[in-house]
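Next comes just one chain, in structure tokens: the form predicted alone.
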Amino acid sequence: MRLTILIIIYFLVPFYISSQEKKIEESENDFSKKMEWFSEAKLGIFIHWGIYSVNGISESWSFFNEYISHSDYMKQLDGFGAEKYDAKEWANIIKESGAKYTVITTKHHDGFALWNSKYGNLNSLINSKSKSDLLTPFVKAIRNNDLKLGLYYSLPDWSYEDYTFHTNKIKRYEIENQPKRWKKFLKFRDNQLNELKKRYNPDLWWFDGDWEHNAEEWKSESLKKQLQKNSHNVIFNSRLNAYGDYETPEIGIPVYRPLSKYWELCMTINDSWGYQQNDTNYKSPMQIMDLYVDTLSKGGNLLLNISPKSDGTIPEQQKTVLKELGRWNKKHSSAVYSTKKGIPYDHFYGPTTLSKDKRTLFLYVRDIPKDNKIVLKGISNKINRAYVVGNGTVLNKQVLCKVYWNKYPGLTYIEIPKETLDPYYTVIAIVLDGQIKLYNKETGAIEMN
């Protein structure tokens, strides 16, 4: 009997292990497949729009940090009219920028919802001057433009009476002391999220505020499963405790390439997320382009924020940035979308990306080279062709320091005529004879000549 059991184990265990490995592999493949559009998108447009735009004050934080009272903050409801709001125009501007997705604040930490929610008592239809569901027309316009939809939702709700916090000095209760109250809040949250899911079925959930509670208190794991039901390909940002699909750094671009394969930098055009008329510290289109190209070279996406006014119009300076991005993206699309992170700066003095098959290297040239030449170092491949992306001009090459007695590939100088330079970044495509091979060995003394 024992021998029979051992024989069964001997033959069945390998099949069991193999099947488990296959399940893991399939799971990883499914994850890669669902993240494919995100990794290829490169640019998304973030939208912070709420009652804070009426007085141009810090969104939610102004009352949480007690710069003003909660009641004074809420008086802005009477000024949030959205009189000139045109969802189709918003969608067209986003499309024109070259963005492939957008994320809009359905509800910030102040608890004000942009849709006519059946839950809670604070939304644009019932409470604001607009007397409108402002989210539905936007979603429709985005879908009509074939863009991916992301919905921002704040986990905290500082205005909801059964949430734990009201301001940084006022905590309503401790969860362990009033578990029924916390359970009531979670039910309210889940009802709102299920409502958003049912009505809009987003491609991406963008959560915020997870720092106020841990994953167990938020029920993060079960929340994710709940939102994945019948929506297996939906993506989650990192602000769901440890249950996100990609990293979400904010404002400061990582100095070094993030270890995570999937990441997104969320960034403001000036210094504010919501509209503030006194914030005139706008980044120029060139400065935005610097951030964008740096993000591309590190293999990430840029989620660039715009902040509409309370009447629904987008500030002209923000429109200008999106239009300039759009012109550049259209010209250089082959070097932007579907690319991978580039090569180390040791090989080229600037940002780079690689094509999906790693057979084309794209060099981003910001400034005018002093002698009209740029230099590549340590590329072991044969370079079949070098040309300017966007106009196809073939470029001359010169190889120096390459000798027959070692494998050091030498230095490749590439000449760029001044008339081909782009006002922002000129992109040079280097077509290789195979997947890129970088030379990283030390070179020694001459031993034979």
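The structure presented is a predicted model; accordingly, all values stated were derived computationally and were not measured. Heads up: residue numbers just count along the shown sequence, starting at 1.
Beyond what is shown, the protein has a form predicted together with a small molecule; the following relates to that form.
Student: Name the stretch, out of 355-363, 220-228, 265-273, 290-298, where some heavy atom lies within 4.5 Å of the small molecule in the predicted complex.
Tutor: Stretch 265-273 is the one.
Student: With the partner absent here, would His108, Trp206 and Glu250 each sit within 4.5 Å of the small molecule in the predicted complex, counting heavy atoms only?
Tutor: Spot residues vs the small molecule: full contact, yes.
Student: Could you work out which of His213, Lys283, Arg239, Lys95 is the residue within 4.5 angstroms of the small molecule in the predicted complex, going by heavy atoms?
Tutor: Among His213, Lys283, Arg239, Lys95, a heavy atom within 4.5 Å of the small molecule in the predicted complex occurs only for Arg239.
Student: Work out which of Phe165, Tyr246, Phe185, Tyr152 lies within 4.5 Å of the small molecule in the predicted complex, going by heavy atoms.
Tutor: For this set of options, the contacting one is Tyr152.
Student: Please determine whether Phe63 contacts the small molecule in the predicted complex, using a 4.5 Å cut-off between heavy atoms.
Tutor: No, no contact at 4.5 Å.
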